[in-house]
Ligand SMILES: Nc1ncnc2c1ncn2[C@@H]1O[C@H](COP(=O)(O)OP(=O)(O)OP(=O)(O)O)[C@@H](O)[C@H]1O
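Take a look at this single chain, the form predicted alone, given in structure tokens.
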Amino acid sequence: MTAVLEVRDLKVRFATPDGEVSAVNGVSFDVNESECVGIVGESGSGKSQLFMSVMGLLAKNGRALGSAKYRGTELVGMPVKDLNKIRGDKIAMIFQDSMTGLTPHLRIGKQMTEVLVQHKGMGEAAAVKRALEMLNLVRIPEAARRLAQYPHELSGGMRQRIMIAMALLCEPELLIADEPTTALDVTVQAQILDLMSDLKRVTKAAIVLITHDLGTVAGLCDKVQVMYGGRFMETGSVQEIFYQPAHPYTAGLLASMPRLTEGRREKLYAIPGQPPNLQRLPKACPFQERCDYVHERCVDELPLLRDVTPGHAKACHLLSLANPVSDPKAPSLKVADEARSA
């Protein structure tokens, strides 16, 4: 498959009065054409900052190191003038807060048409026609009337649909969706996810879905990257991650999902402890302080991302995790230290 985005050893650092924050710590991955990749993990794991660095949208105190290439063109360190020719045109991003993602004092029509005028050189009439087509595509009722409205006049679900429509106006080859259903009620969430599923099928764009909701990933994505402490803990297909998780953190996330069980209630599992302080990350495995299977090697040596099977990798010293979906504390764990098996 042809890669739309190639990321290699990407790091993100923020300078603060209390010291440097290591938000992303050497991640590498590809996003291929017509593929949906889910980036999952708890809040503060580095998911959003990873892609803010790709888009060149880091805060002033942030800097990106490493490589992120769109179709072979390096994005890290690219001048803003050149980056603006790619952002919104070839690569688009849907932000999680639709109210701050839209300009409050501009009408919806103006915000949509200026994208087409700037990137595609369209005239005003052609831009309005295209904007209406996109509003209809994302199922906005009375689309022509919405163009004259301001963001505060619309519901949260409608604003989110407009954000998606704006992101798709220039038919980008890569769409990055950062928590696209945050703060929406469950009915609207389902509608937005159905819409993204349709767009994936119709537009053939590559999609990156940033979320903490594994249920969303299961219904939409092809591949999953599980992120923690600024690193990928496990990567693989949706089937491998959900049915054959190999990392204790992935197993804990899956066990934390509520399940509908027939005739009985199950106590919801919670991963003990808190995510690590990104200013003072542990020396080796970032998950060591919360892991039930921690041993000496976890404290002394950083586990690298290695293949479990072709296309399925984990960053863990465990050989295997027994029955992890149903019980992340399963006692029938095989030999924990790979060094002992060598």
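Residue numbers run from 1 along the displayed sequence. The structure presented is a predicted model; accordingly, all values stated were derived computationally and were not measured.
As for the form predicted together with this ligand, it is not shown, yet the points below apply to it.
Look at 25-33, 305-313, 44-52, 63-71: in the model of the complex, residues with non-hydrogen atoms within 4.5 angstroms of this ligand sit in 44-52. Taking the partner from elsewhere, E240 is found to have every heavy atom lying beyond 4.5 Å of this ligand in the model of the complex. By the criterion of a heavy atom within 4.5 Å, L278 is counted among the residues contacting this ligand in the model of the complex. Using a 4.5 angstroms limit between non-hydrogen atoms, L10 is distant from this ligand in the model of the complex.
Taking the partner from the other structure, this ligand in the model of the complex has no heavy atom within 4.5 Å of any heavy atom of E173. Using a 4.5 Å heavy atom cutoff, V21, A59 and E179 all lie near this ligand in the model of the complex.
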